[in-house]
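Only one chain is shown below, in structure tokens, and it's the form predicted alone.
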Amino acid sequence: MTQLTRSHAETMDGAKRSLVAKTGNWTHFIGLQPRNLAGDIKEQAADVIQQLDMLLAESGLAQSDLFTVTIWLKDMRYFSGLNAVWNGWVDPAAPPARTCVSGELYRPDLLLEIVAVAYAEKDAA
């Protein structure tokens, strides 16, 4: 039976959640948000990507293990700023499947949130 593990549990604005959930070869990184909401889209995106890198490393994974990434933007006018940071980080030869949508986020100064899913054969046991 495949075990489900969770880590980085926290409470944010009254909601309890885990940032990382793993089962078998799949690891989900949920609700990654910038730690400093005072920055512009490039600063917030860089912070979230830095967190994703850290969580990937803690999980024994690499950027190349990312399967899909979903990005919520507060407003699509931030799309080019996000992409400037994203394209400087992502492996251009093997980017993960990515989608980006806009919608109302629960804080007015929150400009983006990222959800990512990684898959790695090396963790199968």
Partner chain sequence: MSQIVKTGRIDSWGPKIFLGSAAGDIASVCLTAPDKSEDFAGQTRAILAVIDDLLGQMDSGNRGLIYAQVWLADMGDWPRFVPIWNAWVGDAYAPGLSVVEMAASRRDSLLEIRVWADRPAA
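Model, not experiment: these values are computed from the prediction. Positions refer to the first chain, counted from 1.
There is another form of this protein, the form predicted in complex with the partner chain, and it is not shown here; the text below is about that form.
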Heavy atoms within 4.5 Å of the partner chain in the predicted complex: which of the stretches 76-84, 35-43, 49-57, 94-102 has them? 94-102
4.5 angstroms heavy atom contact with the partner chain in the predicted complex for Gly88: no
Examine Ala62 and determine whether its closest non-hydrogen atom to the partner chain in the predicted complex is within 4.5 angstroms. no
Taking heavy atoms and a 4.5 Å limit, what residues of 6-39 are near the partner chain in the predicted complex? Arg6, Ser7, His8, Ala9, Met12, Asp13, Gly14, Ala15, Lys16, Arg17, Ser18, Ala21, Thr23, His28, Ile30, Gly31
